[in-house]
Ligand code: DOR
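So this first bit is one chain, no partners, the form predicted on its own, shown in structure tokens.
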Amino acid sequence: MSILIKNGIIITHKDIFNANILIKNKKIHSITREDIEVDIVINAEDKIVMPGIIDSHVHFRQPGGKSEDWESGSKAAIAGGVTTVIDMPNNIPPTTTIDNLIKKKEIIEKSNILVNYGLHFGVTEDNLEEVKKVIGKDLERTLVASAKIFMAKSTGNLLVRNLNVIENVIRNSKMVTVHAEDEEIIEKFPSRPKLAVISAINKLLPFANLGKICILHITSIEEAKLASPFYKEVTPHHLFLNSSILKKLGNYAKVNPPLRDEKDRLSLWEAINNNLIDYIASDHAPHLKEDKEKEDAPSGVPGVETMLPLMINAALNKLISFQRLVELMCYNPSRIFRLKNKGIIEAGADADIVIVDRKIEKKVSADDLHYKCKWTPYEGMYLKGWPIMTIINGEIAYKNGEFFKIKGNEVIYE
């Protein structure tokens, strides 16, 4: 099948220009000004055409969870312009062995999956040999995107306190991602959550030259500056929400690391525009309402479907340039996690593309979203600029609210 996307405003991490995109055999064949005879013509006049979003931090809860699955999570992703996700390992059972990794992939492949996917691998105090087999530095091609270290408690046996273990994992892995909250500080000083992040980053600094490390969900410019030797991720909820919303939402706004005050929230935008942040990911972590309404509710909010509309709205309001948006949400995640042919619009790249109508303004409503948990912390917020079409591997997966039957692929790591 051949597709011509005509007259779009193409945005890459470097440039903005008007042109047509010719898609053939699931790839971007060429960027052209010509009118070419094809099977499908898409008129994208006055619409934004950009690479499909890569969300490198999602929790689709399978195996073991009920608040999301790969069908519902994939629908939410592609309706939000996300064409590739990388899922975290804190499942039940956790993805900390090759056997569990294989079983998780089997679950995904048997699902009615729409989105391209990759996986992270969990680190424990005693699974270094397994880590080496899936993301070891000596591997020509890894099986996962990163070895994920939790320095604070999470689902499964994933808390790693031993710094020697952390050092050895970093020495032996091509990429390590870290939930950087110091569990010891959380236990001793529960009222000082930012201190837990600062302490964790300080513990990692001596290992900065041993391998590639990414600090997940940075919450302030202070943390970003301290973590300067590392890659740094920021999430939409830390960019768009602050701790005052806890009075309104209660446990529905409970996340780890916790939401910060307004000063810290604003400082994240300063960090983004001063190139102190490397990429944005949703940390999509849905929980059922019945669990969020418990006194000891789990942490996490859904976010994969609203991430791009939030950022498009921010770009339209001049909080960020469109090129920087594409750099943070497409190009950099592909480069950091070594995803072959992703995050770019150029000849030979995978035809993963999202078309956004920057004139559509609507209110965020959980009823319109595709999460299995049926709620969102952004309920009632008005956003301008929404995806109207998502193309995955050269096939239309989503158009104006309608889903089409396609199957995403597991990513290839370079």
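The first residue of the sequence shown is number 1, and the count goes up from there. What you are looking at is a predicted structure, and each value in this text was computed from that prediction instead of being measured.
Form predicted in complex with this ligand: not shown, discussed below.
Student: If you check in the model of the complex, is Ala285 within 4.5 Å of this ligand, heavy atoms only?
Tutor: Ala285: contacts this ligand in the model of the complex.
Student: Look up in the model of the complex whether Asn256 has a non-hydrogen atom within 4.5 angstroms of this ligand, and give yes or no.
Tutor: Judged by the heavy-atom cut-off of 4.5 Å, Asn256 is in contact with this ligand in the model of the complex.
Student: Is there a heavy atom of Ser299 no more than 4.5 Å from a heavy atom of this ligand in the model of the complex?
Tutor: Yes.
Student: With a 4.5 Å heavy atom cut-off, would you call Phe150 a contact of this ligand in the model of the complex?
Tutor: Heavy-atom contact with this ligand at 4.5 Å: present for Phe150.
Student: Would you kindly say which of His120, His179, Lys342, Lys232 lies with a heavy atom within 4.5 Å of this ligand in the model of the complex?
Tutor: The residue in contact is His179.
Student: Exactly one residue in Ser267, Asn100, Ser111, Asn90 has a non-hydrogen atom within 4.5 Å of this ligand in the model of the complex; which is it?
Tutor: Checking each option against this ligand in the model of the complex, the one that comes within 4.5 Å is Asn90.
Student: Which single stretch, out of 248-256, 311-319, 73-81, 334-342, brings residue heavy atoms within 4.5 Å of this ligand in the model of the complex?
Tutor: It is the stretch 248-256.
Student: Taking this ligand as it sits in the model of the complex, which residues of 211-225 have a non-hydrogen atom within 4.5 Å of it? Please list them.
Tutor: Just His217.
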